[in-house]
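Before any questions on binding or motion, here is one chain by itself as structure tokens, the form predicted on its own.
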Amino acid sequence: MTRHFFLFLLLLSTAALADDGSRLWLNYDLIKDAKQRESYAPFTKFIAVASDNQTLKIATEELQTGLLGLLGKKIVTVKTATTSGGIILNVNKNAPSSANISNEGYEIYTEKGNIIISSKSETGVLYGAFELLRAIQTGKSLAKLSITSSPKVKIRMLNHWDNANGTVERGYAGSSMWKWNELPHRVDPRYVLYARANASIGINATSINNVNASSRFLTAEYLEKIKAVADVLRPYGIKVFISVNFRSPRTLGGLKTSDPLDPEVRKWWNDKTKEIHQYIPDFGGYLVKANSEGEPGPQDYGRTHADGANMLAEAMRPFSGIVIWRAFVYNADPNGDRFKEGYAQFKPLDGTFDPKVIVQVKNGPIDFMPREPFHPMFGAFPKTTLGMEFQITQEYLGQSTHLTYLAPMFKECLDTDTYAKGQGSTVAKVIDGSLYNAQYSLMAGVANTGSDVNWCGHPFNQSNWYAFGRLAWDHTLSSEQIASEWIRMTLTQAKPTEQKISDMMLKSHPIYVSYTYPLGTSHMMGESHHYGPEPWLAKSARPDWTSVYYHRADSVGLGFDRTGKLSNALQLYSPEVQQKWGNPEQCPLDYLLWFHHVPWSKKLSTGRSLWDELCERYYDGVVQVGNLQKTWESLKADVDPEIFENVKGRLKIQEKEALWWRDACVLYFGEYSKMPIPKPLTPPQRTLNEIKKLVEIYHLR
């Protein structure tokens, strides 16, 4: 069975039934408007492709499948265009640099009645084919096309936190999609669907296993399995990376040490890297979590992060791959400030990392909180290549039960100005390499995929995978445009319905923050499972895993003073940023309690006291979830019934849990403020002790 025929059968089978979400945004249902279909007919009579290259075959088959579904007609393929009215796939490896596109970029334009998709590479043509299908899916005209697009970030990667036993750390959509017990002899067809989805949004790399890594993935048995996956992903332009355990020379190689300066250890990694390339010639490289949350690393031997990363870079030197070293590190210091830890450990090493090393930094300084200030490392490391790490899986953002569209959160970080080289030195310019002329650039997202039929659990969580890929390709895209594309490709092309759903999506992140972490509060989730509120958490395995460490609530007020009294973390930023956030009278309210300990009775810019504003936001968040429910209910006749019922049920859960967050936090903080719930808001109908018992349920064994 050819890949094209398989996709055709898949298209027919899923279109004939209620939409289970398995097709993601590659939803090639027949365009209902006959006039619109007719407008595409003059440009879709044939597909001309001269080469038998596998990637070009995939591009051709994707166009045939998509056009068959969207237009209801089979498109023939030819080697050479002898007439007008078709789509011509053109690879011009010798295109002049003046063409202003990278090797992965593409041009789409009309010429002599044909649509030309041109690139310097086969992968670029594939990306262009998906762009053309996106144009048709979203109802754009094909007349007088003129599109030129190149990725702004070179390495656009998904980080899978998948384990060898089939579980997924912080996974909320079922078990792992990688079936290690079946590989390499059976390759699940979902791997092809996964590759298609990623290629359609320009993702070109995937790290297939958890950063809390097992040495098992470096054994010959597992390298053979990984090779089978890499063989599927390769023609879609996707390179495979492996997360490695720094102790592997000991646990796997039998050495007495894993000291990065030990000659035997260096030789072991050199030999292992050569072995990997025998299985995967285009191996992307290593991803490393070291000396973080109990993981081994070079500091175990008195060495630095640079010593460890450079050892692996040396092993990678004969090859094209790189080393990605995570900056998520922090010491258990009850008197310290976790906000500063990554900066403190890595700043002295700026300029000492091998050119093949990218230091991967989370978007904020704590840990994927629903709203964080940008990490102070961005803009402060001119001699080190920094990559961005976003979390697509919603660990602290409602997991798979809350509707939370993350493009606005990603954009908030990317568009923030670091002032590192004057005004306009945005975080985006740091990570795309343009600010410091970096050789490499990286944007990574912790994946939200799983074995659920719709891949991501909550149907709307698919939009976050889509948004990440689109922003990694072009971080100048707006949240509104990305939402519109995803809705029209996935749910509906009816304009009024699209606008209502877009409004829901764009409001969803601020709504979530309102009923969980308003005004710059953070890290108050349930211990270990990270589900639901636990602001009273005061004891844990380490102090910076508690809630009280972060909110610092007392009889005076609320918030973590980082202006110098409790911590001087604000000084890690540029003077311009310090000026913006350092004055509590001028600090944006969304970041207020990140940097200031504010008295309960302090009047804010809204005209309310801190306590009243805190309560107002918690209560309003719950009201807004109710409004989301009402809007969704009004769309029942306009949305696929299976998707409608799925989202409807999850919105009910979201409302229940928003109330849980609201009541837990206002009752707990009320014990410190000693102030009543402001009128006309109604006090919670349950006690704090009753709510604490809800949390205990999640700790039962």
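Sequential numbering from 1, following the sequence displayed. Everything quoted here is computed from the prediction, not taken from an experiment.
What comes next is about the form predicted together with a small molecule, which does not appear here.
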Going by heavy atom distances of 4.5 angstroms or less, which of Lys362, His305, Arg562, Arg196 would be at the interface with the small molecule in the predicted bound form?
Lys362
Pick from Glu275, Glu111, Asp554, Glu293: which residue has any heavy atom within 4.5 angstroms of the small molecule in the predicted bound form?
Glu293
Here the chain appears without its partner; judged in the predicted bound form, the stretch of 389 to 397, 217 to 225, 486 to 494, 371 to 379 with heavy atoms within 4.5 Å of the small molecule is 389 to 397
Even though the small molecule is not shown here, does it sit in the predicted bound form so that Tyr515, Val625 and Asp663 each have a heavy atom within 4.5 Å?
no
4.5 angstroms heavy atom contact with the small molecule in the predicted bound form for Lys289
yes
Evaluate Arg250 for contact with the small molecule in the predicted bound form, applying a 4.5 angstroms cut-off between non-hydrogen atoms, and reply yes or no.
no
Decide whether His530 counts as a contact residue for the small molecule in the predicted bound form under a heavy atom distance cut-off of 4.5 Å.
yes
Wondering, does Arg617 line up within 4.5 Å of the small molecule in the predicted bound form on heavy atoms?
no
